[in-house]
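Below you'll find only one chain, the form predicted on its own, shown as structure tokens.
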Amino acid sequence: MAPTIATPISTDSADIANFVISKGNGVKGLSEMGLECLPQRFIQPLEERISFSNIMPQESIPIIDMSNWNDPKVAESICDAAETWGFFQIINHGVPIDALENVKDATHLFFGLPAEDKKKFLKENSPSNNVRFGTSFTPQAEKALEWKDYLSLFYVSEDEASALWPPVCKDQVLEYMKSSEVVIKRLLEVLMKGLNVNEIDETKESLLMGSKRINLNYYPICPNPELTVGVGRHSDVSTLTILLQDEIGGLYVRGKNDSWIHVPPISGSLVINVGDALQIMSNGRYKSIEHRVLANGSQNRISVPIFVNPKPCEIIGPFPEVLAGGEKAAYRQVLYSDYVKHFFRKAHDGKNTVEFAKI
């Protein structure tokens, strides 16, 4: 079969948006046209680009070996990392390597589909609100687009997933989600004990992990990576995020004094980070930290985050157990779906979302 020759498009902002967003080509479609320079629509303001003078090469987030869950030092390391860094990597976590590799392969398979096939899952075409193919973050609210395509899958039930998720990746995604359940529960049990919440009953379970969303992220090769971002500065709105990286790297976490720290890919590891919901429920003891992804000029990168969230109908606020000693609440009670809507209504803006819940 002869290779498809991409139709040239003008660099007009409306044409670019139409090609990338409305026609389902994504930034992958732009990347594959062999553009020599980045379209204006993707050029980020100077303050949003990462300066290499701000990167701390000698710093690293904690790496925690989970092979012995019953060791009190493991629990201590997890709680300490959640309080100090908001991010940590886990190794020997028990999720089968095959499940990790299969979901990475499935991500490449989905993004390798023709635009016509991916387009079926655009917001206006998708069979369900719970299945969404898109590009950037919130294009209608962004002055500059981010250099990323994604497939976002909100998990309701295995039956719904089997019926509505893209056939090319659904089995591998479901297998990965299932095989990560044990590690998610164990992490949350440890983190709750650190807050004097000694049991995750049904009510707490709904509050901590009542819903899950998984994203397949694709960051194609970018002609001018220094002028844009893969993902802008933000913290997650989840309770916890479990991130699977490929071997390429590009995730940066906010360190001290305006610095940024690279999270190097470690084969077989998972990156864990505290989300805003857990920061609020812990009354600020566990920190959700700003992070971002750089665009890459030489390789296509993928990542697969699982967002473990409260149920949309839950009211989140500091746990009574955290305030039992007389600590004052720093956050008000917020309907979780309102918090999430607030986040998705605007462009990425660092840690500003959490201000919405502050007293």
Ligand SMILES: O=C(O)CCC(=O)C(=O)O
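Please read all numbers here as calculations on a predicted model, not as lab measurements. So that there is no doubt, residue numbering starts at 1 and follows the sequence shown.
Not pictured, yet referred to below: the form predicted in complex with this ligand.
Picking from 289-297, 317-325, 40-48, 64-72 the stretch near this ligand in the predicted bound form, with a 4.5 Å limit on heavy atoms, gives 289-297. Against this ligand in the predicted bound form, the set 217, 234 and 305 is in full contact: each member has a heavy atom within 4.5 Å.
This chain is displayed alone, yet in the predicted bound form one of 251, 103, 229, 95 has a heavy atom within 4.5 Å of this ligand; that residue is 251. Interface residue among 81, 243, 169, 187, judged by heavy atoms within 4.5 Å of this ligand in the predicted bound form: 243.
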